[in-house]
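In the form predicted alone, a lone chain appears below as structure tokens.
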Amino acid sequence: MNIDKKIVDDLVANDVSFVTTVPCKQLAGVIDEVENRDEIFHIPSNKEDEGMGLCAGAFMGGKRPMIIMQNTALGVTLNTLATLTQFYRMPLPMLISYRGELREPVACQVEMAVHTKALLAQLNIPTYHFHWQKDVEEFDNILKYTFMSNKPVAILTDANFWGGYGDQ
């Protein structure tokens, strides 16, 4: 199974038509797949909080948005998550590369990984952790839940999920 294609097929099936992305090596395949789909308007962002603002505009314009980002910038987004997405009950699926977890080769990424789940829990953001490639089978249901509940939802995808860094 091509997980990048599965993820984007699920986005299209759930009428997600606006995606903003912040570059990440782990997420490069899914970002490329998003970019190549005519059904999705893709706009890259410089920063994660900027991307959430773009998603808010798309949502207010009648689109179903999504952001694709790294967990290492989660701290930058806390105010935006609380005062924009949660306050206005904006459904926002967040596909997040969970840097600093198992099989992470870059030591400085570990520090934010230690805090990622706690920060999401403090904001009461439903969080799912994809560790095995078979976990992607839940993505469609997570998208349905996100838009039914009108909440931001985090999907953490670690290095193991993406197949590591070529270290095996």
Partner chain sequence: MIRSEILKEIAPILNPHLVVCNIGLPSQELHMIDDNERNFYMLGTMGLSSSIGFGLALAQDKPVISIDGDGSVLTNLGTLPTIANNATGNYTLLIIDNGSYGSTGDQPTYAGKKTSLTAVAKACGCDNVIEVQDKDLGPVLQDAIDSDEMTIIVCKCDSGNIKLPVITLDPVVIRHRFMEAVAS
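Just so we're clear, the structure is a prediction, and the values are computed from it rather than from any experiment. Residue numbers count along the first chain shown, from 1.
In what follows, reference is made to the form predicted in complex with the partner chain, a form of this protein that is not presented.
- Although the partner is absent from this view, Y128 stays clear of the partner chain in the predicted complex, with no non-hydrogen atom inside 4.5 angstroms.
- Residue contact check for E138: none of its heavy atoms lie within 4.5 Å of the partner chain in the predicted complex.
- In the predicted complex, at least one heavy atom of L54 sits within 4.5 Å of a heavy atom of the partner chain.
- Within 4.5 Å of some heavy atom of the partner chain in the predicted complex lies at least one heavy atom of D49.
- The partner is not drawn, yet in the predicted complex one stretch among 22-30, 102-110, 57-65, 118-126 has residues with heavy atoms inside 4.5 Å of the partner chain: 57-65.
- Of the residues in 5-34, only F18 comes within 4.5 Å of the partner chain in the predicted complex through at least one heavy atom.
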